[in-house]
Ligand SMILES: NC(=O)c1ccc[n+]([C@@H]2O[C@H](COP(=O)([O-])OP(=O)(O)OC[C@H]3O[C@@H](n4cnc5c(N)ncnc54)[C@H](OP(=O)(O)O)[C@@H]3O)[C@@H](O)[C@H]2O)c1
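One chain comes next, on its own, written out as structure tokens in the form predicted alone.
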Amino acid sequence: MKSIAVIGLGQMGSTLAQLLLDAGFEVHVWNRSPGKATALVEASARLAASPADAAARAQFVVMCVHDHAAAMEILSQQGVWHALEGKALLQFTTFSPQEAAAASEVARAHGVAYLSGAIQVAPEQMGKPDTTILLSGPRNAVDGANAVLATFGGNVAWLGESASAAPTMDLATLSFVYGATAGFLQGAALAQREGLDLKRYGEIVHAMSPSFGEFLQHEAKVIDSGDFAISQSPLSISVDATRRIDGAMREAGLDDALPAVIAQLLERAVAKGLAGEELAALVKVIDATS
């Protein structure tokens, strides 16, 4: 596979196109605003007249545009699905799981192998050995695109045939990212209010992150096993800890909405009789069906 089309030249799309050029691929690019292609064309990319033209010239097509609506509008333009027939489309545009499933069905009806992709890093972190890319869709299409995928990152996680798998996992990992970031910023506000060195705070969090990642990996295995016997962290300990955090935020005159919600969630776990189980048992409160 030598010829690749990149549709959408925002910051991420342009990065993808440049990585492909650097790897020696023939790259055809299209963007609604042609001016965004100037630097890539100067770097030897070939500017297509339309998305259909880009797809027709390439053996494999990558799309990374603003949102689901923009992606589907482009795909519905005259000749695009026809140009994609018999090829694979790697969709890096952010779709919901439901939108991805629907798009996959449309693609299948047009004879197109649809791959859902979710990039877990910023543009400047692309193309590195530890760059994580979530992917789902037909395994044979993934195997056929190995060289392209390796150009984008060294940690490609294929999650199965279902088009909705990658966007679902993306939401799951983002839930962790935003939750952890909100907690980190809450801690920064508390430390700052007490006059502590925030650079030192950042250093401490950075140093503890690998071991915390291992702990979370363990908790995921606990949930998967269904055995919530205490193995590392009793839920009861976190009940007391979150109460203290909530109290400290209020006493410092800071917004305590986040720690209050977490403390209340753990109180509900206690009310449900989960205090004597592993912390991971909190998932039984979050999942009302369990």
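Everything quoted here is computed from the prediction, not taken from an experiment. Residues carry their position along the shown sequence, with the first being 1.
Omitted here: the form predicted in complex with the named molecule. The next part is about that form.
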Does any heavy atom of residue 279 come within 4.5 Å of a heavy atom of the named molecule in the predicted complex?
no
Would you please decide whether residue 104 lies within 4.5 angstroms of the named molecule in the predicted complex, comparing each non-hydrogen atom pair?
no
Quick one: does residue 93 come within 4.5 Å of the named molecule in the predicted complex, counting heavy atoms only?
yes
Please tell me whether any heavy atom belonging to residue 266 falls inside 4.5 Å of a heavy atom of the named molecule, as the geometry stands in the predicted complex.
no
Sort through 241, 70, 261, 43 and report the residue having a heavy atom within 4.5 Å of the named molecule in the predicted complex.
70
The one residue among 191, 83, 165, 119 placing a heavy atom within 4.5 Å of the named molecule in the predicted complex is 119
For the chain seen here without its partner, which of 247-255, 221-229, 25-33, 52-60 has a heavy atom within 4.5 Å of the named molecule in the predicted complex?
25-33
Under the 4.5 Å heavy atom criterion, name the residues of 44-66 that approach the named molecule in the predicted complex, in sequence order.
64, 65, 66
